[in-house]
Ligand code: PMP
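Single chain ahead, written as C-alpha coordinates, the form predicted on its own.
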(Lines give C-alpha, C1' and ligand atoms only; values in the text may rest on other atoms or scores of the structure.)
Protein backbone atom coordinates (compact mmCIF):
# COMPACT_ATOMS: atom_id res chain seq x y z
CA UNK A 1 0.00 0.00 0.00
CA UNK A 2 1.42 3.40 -0.99
CA UNK A 3 1.78 6.13 1.61
CA UNK A 4 -1.00 8.18 -0.02
CA UNK A 5 -3.41 5.26 0.35
CA UNK A 6 -2.44 4.79 3.99
CA UNK A 7 -3.05 8.48 4.71
CA UNK A 8 -6.52 8.24 3.18
CA UNK A 9 -7.44 4.96 4.87
CA UNK A 10 -6.21 5.65 8.41
CA UNK A 11 -6.90 8.55 10.71
CA UNK A 12 -4.57 9.31 13.63
CA UNK A 13 -5.67 7.58 16.81
CA UNK A 14 -7.58 10.04 18.97
CA UNK A 15 -6.36 10.06 22.55
CA UNK A 16 -8.38 11.68 25.32
CA UNK A 17 -6.00 13.49 27.63
CA UNK A 18 -6.60 15.61 30.68
CA UNK A 19 -6.86 15.62 34.43
CA UNK A 20 -10.15 13.73 34.61
CA UNK A 21 -11.06 11.96 37.86
CA UNK A 22 -12.90 8.90 36.50
CA UNK A 23 -11.90 6.90 33.42
CA UNK A 24 -14.61 4.55 32.11
CA UNK A 25 -13.72 4.53 28.42
CA UNK A 26 -11.36 1.61 27.64
CA UNK A 27 -13.10 -1.45 29.17
CA UNK A 28 -10.22 -1.92 31.59
CA UNK A 29 -10.64 -3.57 34.96
CA UNK A 30 -10.98 -1.00 37.75
CA UNK A 31 -8.83 -3.21 39.97
CA UNK A 32 -5.06 -3.14 40.06
CA UNK A 33 -3.35 -6.24 41.45
CA UNK A 34 -3.25 -6.60 45.25
CA UNK A 35 0.06 -5.60 46.84
CA UNK A 36 0.81 -9.15 47.99
CA UNK A 37 0.48 -10.47 44.43
CA UNK A 38 2.61 -7.63 43.10
CA UNK A 39 5.24 -8.52 45.68
CA UNK A 40 5.14 -12.12 44.48
CA UNK A 41 5.48 -10.94 40.88
CA UNK A 42 8.44 -8.72 41.71
CA UNK A 43 10.19 -11.59 43.45
CA UNK A 44 9.74 -13.78 40.38
CA UNK A 45 10.82 -10.98 38.04
CA UNK A 46 14.10 -10.69 39.96
CA UNK A 47 14.92 -14.22 38.81
CA UNK A 48 14.47 -13.45 35.10
CA UNK A 49 17.76 -12.92 33.23
CA UNK A 50 16.95 -9.75 31.30
CA UNK A 51 19.99 -10.14 29.06
CA UNK A 52 18.38 -13.22 27.51
CA UNK A 53 15.51 -13.48 25.08
CA UNK A 54 12.28 -15.02 26.38
CA UNK A 55 11.14 -18.44 25.19
CA UNK A 56 10.79 -18.18 21.42
CA UNK A 57 7.13 -19.30 21.39
CA UNK A 58 6.26 -18.50 25.02
CA UNK A 59 5.77 -22.19 25.82
CA UNK A 60 5.69 -21.79 29.63
CA UNK A 61 2.64 -19.54 29.33
CA UNK A 62 1.08 -21.66 26.59
CA UNK A 63 1.32 -24.68 28.89
CA UNK A 64 -0.31 -22.82 31.78
CA UNK A 65 -3.16 -21.53 29.63
CA UNK A 66 -3.73 -24.99 28.18
CA UNK A 67 -3.90 -26.47 31.67
CA UNK A 68 -6.27 -23.70 32.80
CA UNK A 69 -8.66 -24.31 29.87
CA UNK A 70 -8.35 -28.09 29.58
CA UNK A 71 -6.51 -28.13 26.24
CA UNK A 72 -3.04 -29.09 25.07
CA UNK A 73 -0.20 -26.62 24.61
CA UNK A 74 -0.42 -27.31 20.87
CA UNK A 75 -3.90 -25.72 20.86
CA UNK A 76 -2.62 -22.40 22.24
CA UNK A 77 -0.70 -19.45 20.85
CA UNK A 78 0.02 -16.23 22.72
CA UNK A 79 0.66 -12.77 21.38
CA UNK A 80 1.38 -9.18 22.25
CA UNK A 81 -2.31 -8.59 22.82
CA UNK A 82 -4.95 -10.44 20.82
CA UNK A 83 -4.68 -7.65 18.22
CA UNK A 84 -1.33 -9.03 17.10
CA UNK A 85 -2.93 -12.42 16.52
CA UNK A 86 -5.66 -10.88 14.36
CA UNK A 87 -3.01 -9.53 12.01
CA UNK A 88 -1.39 -12.97 11.67
CA UNK A 89 -4.69 -14.75 11.16
CA UNK A 90 -5.42 -12.52 8.17
CA UNK A 91 -2.09 -13.57 6.66
CA UNK A 92 -2.76 -17.25 7.29
CA UNK A 93 -6.05 -17.97 5.56
CA UNK A 94 -6.78 -17.76 1.85
CA UNK A 95 -9.75 -15.84 0.51
CA UNK A 96 -10.94 -12.64 -1.11
CA UNK A 97 -12.64 -10.84 1.78
CA UNK A 98 -13.37 -10.86 5.48
CA UNK A 99 -16.84 -10.67 6.98
CA UNK A 100 -17.70 -8.53 9.98
CA UNK A 101 -21.01 -7.55 11.56
CA UNK A 102 -21.13 -3.94 12.66
CA UNK A 103 -21.22 -2.36 15.11
CA UNK A 104 -18.27 -4.36 16.38
CA UNK A 105 -14.61 -4.19 17.41
CA UNK A 106 -12.79 -1.79 15.10
CA UNK A 107 -9.50 -3.68 14.81
CA UNK A 108 -10.96 -6.24 12.38
CA UNK A 109 -11.53 -3.42 9.90
CA UNK A 110 -8.17 -1.86 10.78
CA UNK A 111 -6.13 -4.94 9.90
CA UNK A 112 -8.20 -5.67 6.80
CA UNK A 113 -7.39 -2.19 5.51
CA UNK A 114 -3.74 -2.60 6.41
CA UNK A 115 -3.56 -5.87 4.45
CA UNK A 116 -5.59 -4.46 1.54
CA UNK A 117 -8.34 -7.04 2.08
CA UNK A 118 -11.90 -6.39 0.95
CA UNK A 119 -14.34 -6.07 3.83
CA UNK A 120 -17.94 -7.30 3.74
CA UNK A 121 -20.13 -5.87 6.49
CA UNK A 122 -23.32 -7.75 7.35
CA UNK A 123 -24.73 -5.46 10.06
CA UNK A 124 -26.21 -6.86 13.24
CA UNK A 125 -30.01 -6.68 13.43
CA UNK A 126 -31.98 -4.29 15.65
CA UNK A 127 -31.25 -6.54 18.65
CA UNK A 128 -27.55 -6.70 17.73
CA UNK A 129 -27.82 -10.34 16.66
CA UNK A 130 -26.02 -11.92 13.69
CA UNK A 131 -27.89 -11.99 10.40
CA UNK A 132 -27.13 -13.90 7.19
CA UNK A 133 -23.32 -13.94 7.41
CA UNK A 134 -23.34 -17.50 6.04
CA UNK A 135 -24.30 -16.07 2.64
CA UNK A 136 -20.84 -14.52 2.38
CA UNK A 137 -18.80 -17.52 3.57
CA UNK A 138 -17.70 -18.55 0.09
CA UNK A 139 -14.19 -17.21 -0.59
CA UNK A 140 -14.12 -15.61 2.85
CA UNK A 141 -10.64 -15.23 4.33
CA UNK A 142 -12.27 -15.11 7.75
CA UNK A 143 -15.62 -14.44 9.38
CA UNK A 144 -15.29 -12.41 12.58
CA UNK A 145 -17.79 -12.86 15.40
CA UNK A 146 -17.36 -10.88 18.61
CA UNK A 147 -19.24 -12.43 21.54
CA UNK A 148 -19.79 -10.67 23.90
CA UNK A 149 -19.76 -8.00 21.27
CA UNK A 150 -17.90 -4.73 21.65
CA UNK A 151 -19.51 -2.13 21.89
CA UNK A 152 -23.00 -3.62 22.33
CA UNK A 153 -22.25 -6.09 25.14
CA UNK A 154 -24.49 -8.94 23.98
CA UNK A 155 -23.52 -12.51 23.16
CA UNK A 156 -24.42 -14.40 20.00
CA UNK A 157 -26.49 -17.59 20.11
CA UNK A 158 -24.48 -20.82 20.07
CA UNK A 159 -26.71 -22.31 17.36
CA UNK A 160 -25.97 -19.34 15.10
CA UNK A 161 -22.23 -19.63 15.67
CA UNK A 162 -22.42 -23.33 14.79
CA UNK A 163 -24.39 -22.46 11.66
CA UNK A 164 -21.58 -20.17 10.54
CA UNK A 165 -18.96 -22.81 11.39
CA UNK A 166 -20.81 -25.37 9.27
CA UNK A 167 -20.02 -23.29 6.16
CA UNK A 168 -16.38 -24.41 6.51
CA UNK A 169 -15.07 -20.85 6.31
CA UNK A 170 -12.47 -19.76 8.90
CA UNK A 171 -14.34 -18.32 11.88
CA UNK A 172 -12.58 -16.01 14.37
CA UNK A 173 -14.67 -15.94 17.54
CA UNK A 174 -13.51 -13.09 19.74
CA UNK A 175 -14.21 -13.86 23.41
CA UNK A 176 -12.28 -10.98 24.96
CA UNK A 177 -15.07 -10.39 27.49
CA UNK A 178 -16.21 -13.97 28.00
CA UNK A 179 -15.39 -14.09 31.72
CA UNK A 180 -18.28 -11.68 32.31
CA UNK A 181 -20.75 -13.82 30.34
CA UNK A 182 -22.76 -16.91 31.21
CA UNK A 183 -20.93 -19.33 28.96
CA UNK A 184 -18.18 -19.84 26.39
CA UNK A 185 -17.98 -21.64 23.07
CA UNK A 186 -14.33 -22.62 23.45
CA UNK A 187 -15.31 -26.31 23.55
CA UNK A 188 -16.30 -26.06 19.89
CA UNK A 189 -12.59 -25.99 19.01
CA UNK A 190 -12.66 -29.77 19.57
CA UNK A 191 -15.38 -30.14 16.91
CA UNK A 192 -14.52 -27.54 14.28
CA UNK A 193 -11.05 -27.23 12.77
CA UNK A 194 -12.04 -23.91 11.15
CA UNK A 195 -12.62 -22.20 14.51
CA UNK A 196 -10.20 -19.83 16.26
CA UNK A 197 -11.09 -18.42 19.68
CA UNK A 198 -9.44 -15.16 20.75
CA UNK A 199 -8.97 -14.34 24.45
CA UNK A 200 -7.09 -11.70 26.43
CA UNK A 201 -5.60 -10.96 29.85
CA UNK A 202 -6.46 -7.27 29.44
CA UNK A 203 -10.07 -7.29 30.66
CA UNK A 204 -11.15 -9.66 33.44
CA UNK A 205 -7.57 -10.38 34.54
CA UNK A 206 -6.85 -6.67 34.95
CA UNK A 207 -3.59 -6.85 33.00
CA UNK A 208 -4.17 -4.36 30.18
CA UNK A 209 -0.76 -2.86 30.89
CA UNK A 210 1.20 -6.01 30.05
CA UNK A 211 -0.46 -6.66 26.63
CA UNK A 212 -1.02 -10.43 26.55
CA UNK A 213 -3.59 -12.14 24.35
CA UNK A 214 -3.98 -15.69 23.17
CA UNK A 215 -5.84 -17.90 20.73
CA UNK A 216 -7.27 -21.40 21.03
CA UNK A 217 -7.56 -23.46 17.86
CA UNK A 218 -6.75 -26.79 16.23
CA UNK A 219 -3.16 -28.01 16.39
CA UNK A 220 -2.85 -27.46 12.63
CA UNK A 221 -3.87 -23.79 12.77
CA UNK A 222 -1.63 -23.11 15.77
CA UNK A 223 1.29 -24.83 14.04
CA UNK A 224 0.84 -22.66 10.94
CA UNK A 225 0.53 -19.50 13.04
CA UNK A 226 3.75 -20.29 14.89
CA UNK A 227 5.56 -20.61 11.56
CA UNK A 228 4.65 -17.07 10.45
CA UNK A 229 4.62 -15.30 13.81
CA UNK A 230 7.60 -13.15 14.79
CA UNK A 231 9.84 -14.93 17.32
CA UNK A 232 10.21 -13.54 20.85
CA UNK A 233 7.20 -11.24 20.39
CA UNK A 234 6.03 -11.68 23.98
CA UNK A 235 8.48 -10.33 26.52
CA UNK A 236 9.60 -12.33 29.53
CA UNK A 237 8.04 -9.98 32.10
CA UNK A 238 4.56 -10.09 30.58
CA UNK A 239 4.80 -13.85 30.20
CA UNK A 240 5.69 -14.39 33.85
CA UNK A 241 2.99 -12.01 35.15
CA UNK A 242 0.29 -13.74 33.09
CA UNK A 243 1.47 -17.15 34.33
CA UNK A 244 1.28 -16.04 37.95
CA UNK A 245 -2.21 -14.57 37.58
CA UNK A 246 -3.53 -17.91 36.43
CA UNK A 247 -2.48 -19.15 39.87
CA UNK A 248 -4.60 -16.43 41.47
CA UNK A 249 -7.82 -16.87 39.55
CA UNK A 250 -9.75 -16.78 42.83
CA UNK A 251 -8.87 -13.07 43.10
CA UNK A 252 -9.87 -12.49 39.47
CA UNK A 253 -13.16 -14.29 40.04
CA UNK A 254 -13.96 -12.01 42.98
CA UNK A 255 -13.34 -8.98 40.79
CA UNK A 256 -15.50 -10.44 38.01
CA UNK A 257 -18.41 -11.00 40.41
CA UNK A 258 -18.03 -7.44 41.74
CA UNK A 259 -18.11 -5.98 38.22
CA UNK A 260 -21.15 -8.05 37.22
CA UNK A 261 -23.02 -6.91 40.34
CA UNK A 262 -22.19 -3.28 39.61
CA UNK A 263 -23.11 -3.71 35.93
CA UNK A 264 -26.51 -5.02 36.90
CA UNK A 265 -27.00 -2.18 39.39
CA UNK A 266 -26.34 0.49 36.75
CA UNK A 267 -28.50 -1.37 34.24
CA UNK A 268 -31.48 -1.36 36.61
CA UNK A 269 -30.95 2.34 37.35
CA UNK A 270 -31.12 3.30 33.65
CA UNK A 271 -33.03 0.37 32.14
CA UNK A 272 -34.96 2.66 29.76
CA UNK A 273 -31.68 3.79 28.17
CA UNK A 274 -29.36 0.78 28.51
CA UNK A 275 -28.97 -2.39 26.46
CA UNK A 276 -28.47 -5.79 28.17
CA UNK A 277 -24.79 -6.69 28.53
CA UNK A 278 -22.69 -9.74 29.33
CA UNK A 279 -19.45 -7.76 29.26
CA UNK A 280 -17.76 -5.32 31.64
CA UNK A 281 -19.41 -2.33 30.01
CA UNK A 282 -22.84 -0.99 29.11
CA UNK A 283 -24.10 0.57 25.89
CA UNK A 284 -26.34 3.54 26.66
CA UNK A 285 -28.65 5.41 24.32
CA UNK A 286 -27.68 8.74 25.82
CA UNK A 287 -25.91 11.64 24.13
CA UNK A 288 -24.10 12.43 27.38
CA UNK A 289 -20.43 12.30 26.40
CA UNK A 290 -19.67 16.01 26.66
CA UNK A 291 -21.84 16.41 29.76
CA UNK A 292 -19.96 13.63 31.57
CA UNK A 293 -16.62 15.01 30.42
CA UNK A 294 -17.47 18.31 32.08
CA UNK A 295 -18.11 16.34 35.28
CA UNK A 296 -14.68 14.75 35.03
CA UNK A 297 -15.97 11.37 33.81
CA UNK A 298 -14.53 9.92 30.59
CA UNK A 299 -16.64 7.39 28.66
CA UNK A 300 -16.49 6.20 25.06
CA UNK A 301 -18.29 8.37 22.54
CA UNK A 302 -19.70 6.37 19.62
CA UNK A 303 -20.53 7.28 16.04
CA UNK A 304 -22.23 5.97 12.92
CA UNK A 305 -25.19 3.74 13.68
CA UNK A 306 -24.53 4.33 17.38
CA UNK A 307 -24.22 8.09 17.26
CA UNK A 308 -25.88 9.62 20.33
CA UNK A 309 -24.79 6.51 22.26
CA UNK A 310 -22.04 6.08 24.84
CA UNK A 311 -20.21 2.99 26.03
CA UNK A 312 -19.52 2.99 29.76
CA UNK A 313 -16.97 0.70 31.40
CA UNK A 314 -18.01 -0.60 34.80
CA UNK A 315 -15.81 0.94 37.49
CA UNK A 316 -15.55 0.66 41.25
CA UNK A 317 -18.69 1.33 43.28
CA UNK A 318 -17.67 4.87 44.20
CA UNK A 319 -16.92 5.67 40.54
CA UNK A 320 -20.22 4.18 39.47
CA UNK A 321 -22.03 6.24 42.11
CA UNK A 322 -20.54 9.39 40.56
CA UNK A 323 -21.61 8.19 37.11
CA UNK A 324 -25.16 7.48 38.28
CA UNK A 325 -25.38 10.89 39.93
CA UNK A 326 -24.14 12.66 36.80
CA UNK A 327 -26.44 10.75 34.43
CA UNK A 328 -29.45 11.42 36.63
CA UNK A 329 -28.54 15.11 36.49
CA UNK A 330 -28.25 14.85 32.69
CA UNK A 331 -31.72 13.27 32.56
CA UNK A 332 -33.18 15.81 34.95
CA UNK A 333 -33.90 13.20 37.60
CA UNK A 334 -33.82 14.45 41.19
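Numbering follows the first chain given and starts at 1. In this text, all values refer to a predicted model and were calculated from it rather than measured experimentally.
Form predicted together with this ligand: not shown, discussed below.
J.: Can you tell me whether residue 174 touches this ligand? I mean in the predicted bound form, with a 4.5 angstroms heavy atom cut-off.
T.: Looking in the predicted bound form, residue contacts with this ligand include residue 174, since a heavy atom lies within 4.5 Å.
J.: Would residue 83 count as a contact of this ligand in the predicted bound form, using a 4.5 angstroms cut-off between non-hydrogen atoms?
T.: Yes, residue 83 sits close enough to this ligand in the predicted bound form that at least one of its heavy atoms falls within 4.5 Å.
J.: Within 4.5 Å, heavy atoms only: does residue 108 come near this ligand in the predicted bound form?
T.: Looking in the predicted bound form, residue contacts with this ligand include residue 108, since a heavy atom lies within 4.5 Å.
J.: Closest heavy atom of residue 141 to this ligand in the predicted bound form, within 4.5 Å or not?
T.: Contact check for residue 141: no, nothing within 4.5 Å of this ligand in the predicted bound form.
J.: Would you kindly say which of 75, 101, 202, 155 lies with a heavy atom within 4.5 Å of this ligand in the predicted bound form?
T.: Selected option: 202.
J.: Considering 146, 178, 130, 222, which brings a non-hydrogen atom within 4.5 Å of this ligand in the predicted bound form?
T.: It is 146 that has a heavy atom within 4.5 Å of the partner.
J.: Out of the stretches listed (255 to 263, 75 to 83, 241 to 249, 133 to 141), which one is close to this ligand in the predicted bound form, meaning heavy atoms within 4.5 Å?
T.: Of the options, only 75 to 83 has residues within 4.5 Å of the partner.
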